[in-house]
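Given as structure tokens, the chain that follows is alone and in the form predicted alone.
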């Protein structure tokens, strides 16, 4: 397989900046996900990698080969980059059988005869679709069509697999099963994969690393655990998973520790190191990190009033009020009393500068 290196990639459409000097690498055999809301630049990045769009500036190399370099004028067309690309639409030919759909992709690459036949059967078995070789796309479910489309892409053995929201057309139950199947397939084949999605559950479940994008720039790069547990910005904390975000006043002791003061005047201790000056900040606390029915000797104990509750099946969601501040809390059980104590561990409080609420930054 191959690795990918992207350096200072930019894409401008007139005065609009779709990509702003984006740099990252994809290791050989890695599953890397570009995650972010609509318009953040993730699909533009994928199109640039695929050769379907010409960036304004920057450089892209795949497997040590430069496929785009604005300074030297290099731009290798998509058909010569040896990439596998799969979109939301599976684009299967409705008048061709499963076998013919895959065979046509091989024919375009001049792979014929016994080798073509072997590849078709190998990839169909790989995606558990060997029994459907004579079916037409209209006779398959959405999940089966997705597997055929992926088999067609894998059959010509691309260096890099580029996937743009490939599970978005599946229902929720099937999408969850498809994540497990796709993750297992990628591990077995070892193909270097760049995956685009706005679904943070997909990103967390599938990825070796995640790039969170915001307004054409990279907000954070890290493992799923790093991005979820240690978000680099308030945007990442809010976008990846649920989070209680609120404004507070930070007081630091100059030694890396500090306290935050809520709008109600109550104070919470924050575990350091804190690299921000005293003053207004944005605070993030995950709903599942807040403990209801807390003992008085726990960390950061506050009195709360229960405002609302929702049953979510495996979990419960409570909305509680602390002074004028509301918190969402995910828990196994909700206390039966309307008032009580909650605890917020010092290690689970994240503090960000207020400028991040409307800005962006790149790492």
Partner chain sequence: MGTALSVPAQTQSARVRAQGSGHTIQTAITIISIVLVGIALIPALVQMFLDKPLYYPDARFTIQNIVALVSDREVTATFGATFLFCSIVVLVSMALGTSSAILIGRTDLPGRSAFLAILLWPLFLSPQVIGFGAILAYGPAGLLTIWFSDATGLTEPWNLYSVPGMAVVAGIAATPVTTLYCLTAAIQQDPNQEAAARIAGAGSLRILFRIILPIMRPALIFAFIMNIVNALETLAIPLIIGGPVGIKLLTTLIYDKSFESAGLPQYGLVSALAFALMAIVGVLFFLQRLALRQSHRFVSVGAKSIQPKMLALGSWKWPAFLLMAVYVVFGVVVLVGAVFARSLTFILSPDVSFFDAVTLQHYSDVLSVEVYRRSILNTLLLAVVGGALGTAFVAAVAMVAQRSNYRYRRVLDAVAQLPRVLPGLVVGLGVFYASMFVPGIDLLRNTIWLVLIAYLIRFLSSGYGIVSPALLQITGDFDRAAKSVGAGWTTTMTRIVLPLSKQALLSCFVLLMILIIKEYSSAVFLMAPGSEVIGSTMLSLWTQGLAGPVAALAVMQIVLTSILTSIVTRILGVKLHG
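Rigid core: the largest C-alpha set superposing within 1.5 Å between the two forms. A quick note: this is a predicted structure, and the numbers were derived from the prediction, not measured. Residue numbers count along the first chain shown, from 1.
Only in words, not in the display: the form predicted together with the partner chain, which the text now covers.
When the partner chain is considered in the predicted complex, residue 52 lines it closely, a heavy atom lying within 4.5 Å.
For the chain shown alone, residue 94 is a contact residue for the partner chain in the predicted complex, at least one non-hydrogen atom being within 4.5 angstroms. Although the partner is absent from this view, residue 157 stays clear of the partner chain in the predicted complex, with no non-hydrogen atom inside 4.5 angstroms. Put simply, residue 246 is far from the partner chain in the predicted complex: not one heavy atom of it is within 4.5 Å. Residue heavy atoms within 4.5 Å of the partner chain in the predicted complex occur in exactly one stretch of 59 to 67, 305 to 313, 327 to 335, 29 to 37, and that stretch is 59 to 67. Every residue in the set 76, 105 and 108 has a non-hydrogen atom no more than 4.5 Å from the partner chain in the predicted complex.
Contact with the partner chain in the predicted complex, defined as a heavy atom within 4.5 Å, holds for exactly one of 264, 134, 89, 223, namely 89. Taking 83, 285, 167, 240 one by one, only a single residue has any non-hydrogen atom within 4.5 Å of the partner chain in the predicted complex, and it is 83.
With the core held fixed, the Cα of residue 94 is displaced between this form and the one not shown by 2 Å or more. Remark: with the core as the superposition reference, the CA shift of residue 137 between this form and the one not shown reaches 2 Å or more.
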